[in-house]
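This document opens with one chain alone, in structure tokens, the form predicted alone.
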Amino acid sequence: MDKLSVKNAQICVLQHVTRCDSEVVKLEASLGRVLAEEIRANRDQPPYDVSAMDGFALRSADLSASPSALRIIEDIKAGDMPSQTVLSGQCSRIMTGAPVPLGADAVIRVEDTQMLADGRVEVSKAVKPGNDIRRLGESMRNGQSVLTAGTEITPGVIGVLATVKCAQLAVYRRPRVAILSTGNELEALDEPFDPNKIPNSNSYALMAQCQALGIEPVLLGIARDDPEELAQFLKRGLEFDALLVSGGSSVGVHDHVRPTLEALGVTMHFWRVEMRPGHPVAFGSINTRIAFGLPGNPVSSMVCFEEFVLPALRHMMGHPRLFRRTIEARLAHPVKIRPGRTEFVRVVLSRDAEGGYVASSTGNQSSGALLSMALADGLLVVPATRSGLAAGELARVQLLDGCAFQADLGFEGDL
């Protein structure tokens, strides 16, 4: 087949991926899911003008002289309804969230006042009408569309859903994912130690990458290099929405995954991509189900998950944003590659004196050096047209899971 770029391979994958159907879940179990319905407000919020601060509700015109002394006519707590109208020379003590009484057009913060011996309150500054008042319906109006289908449910969205009393909601179903490793050389996690075997790390690394997306995959185990045994494993795996097969997808005499998938009715759309690591990656589909043949080298397998499997699964889950966030970083050292394939260099990130990002290699970049992924903050992308990048050159870095956090606050000087 013709040489296929990473971008064109990603386009091909997404052309053959179908969004999962919806299901109804409780609000408490919805974090990280994607809305499959529009949500509308069921009331004005706030339902009346309320105080934004603890202080005193008053008539702003009474503060033309400074200072001004006002008589307190009632206390209004959050949850109370005012019983008196504020007249000239009067005020009501009010708590945050309490309704603003009739006659009052502003709130003065308690820290801008001083109690007098006769029980009145002295106000030391003037304010304009509307000061520290949250107006009726300023957050949302009854019947207003507040959330649309395709919205990822974050803690803030949970708060909005609770505000409109949405105890149950329709979300896109998470895809059912099966993971299979192949090869006579593999040693299962529960098998006795054999120095001549290779531990099956791929299944568990892929499992964790799925879990980071909120998906709990099923591990099918290890299929040996026998076409009949492999066919039985693959047949079971194709009952799932997505099947991830690690190893056996190259063109060697014992690489049976691609022809066996084709024999089971899977249409293979590609089986090589111009990238390093991860060149022998395969992708196919049958009806609405998809199958990936991932390389056996552990780093290659994980990188191919990031570039192809992750966006496919996020699309199936209803997410509109499918790819990892990227940033610009300066290289701490030169990077040399063989041109012709997009290179993904595992890097750690730090900050320079100007606050920009600096990218440094995690060390050994072999596709079998799993520590290079374990230590990485991101994947530095070297275009296929380049033979390398110079020290100090700006490059794009694709952030990996967990890079939304940092060791310190990061803006102490601005506080």
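The first residue of the shown sequence is 1; numbering continues from there. If you're wondering where the values come from, they're calculated on a predicted model, not measured in any experiment.
One more form of this protein exists, namely the form predicted in complex with a small molecule; it is left out here, but the text below deals with it.
**Student:** Tell me the stretch among 175-183, 228-236, 128-136, 318-326 that has any heavy atom within 4.5 angstroms of the small molecule in the predicted bound form.
**Tutor:** It is 175-183 that comes within 4.5 Å of the partner.
**Student:** Give me the residue from 342, 201, 113, 285 that has a heavy atom within 4.5 Å of the small molecule in the predicted bound form.
**Tutor:** None of the others qualify; the residue that does is 201.
**Student:** 296, 217, 277, 101: which sits within 4.5 Å of the small molecule in the predicted bound form by any heavy atom?
**Tutor:** When the small molecule is considered in the predicted bound form, the option within 4.5 Å is 296.
**Student:** Would you please decide whether residue 255 lies within 4.5 angstroms of the small molecule in the predicted bound form, comparing each non-hydrogen atom pair?
**Tutor:** Yes, residue 255 lies within 4.5 Å of the small molecule in the predicted bound form.
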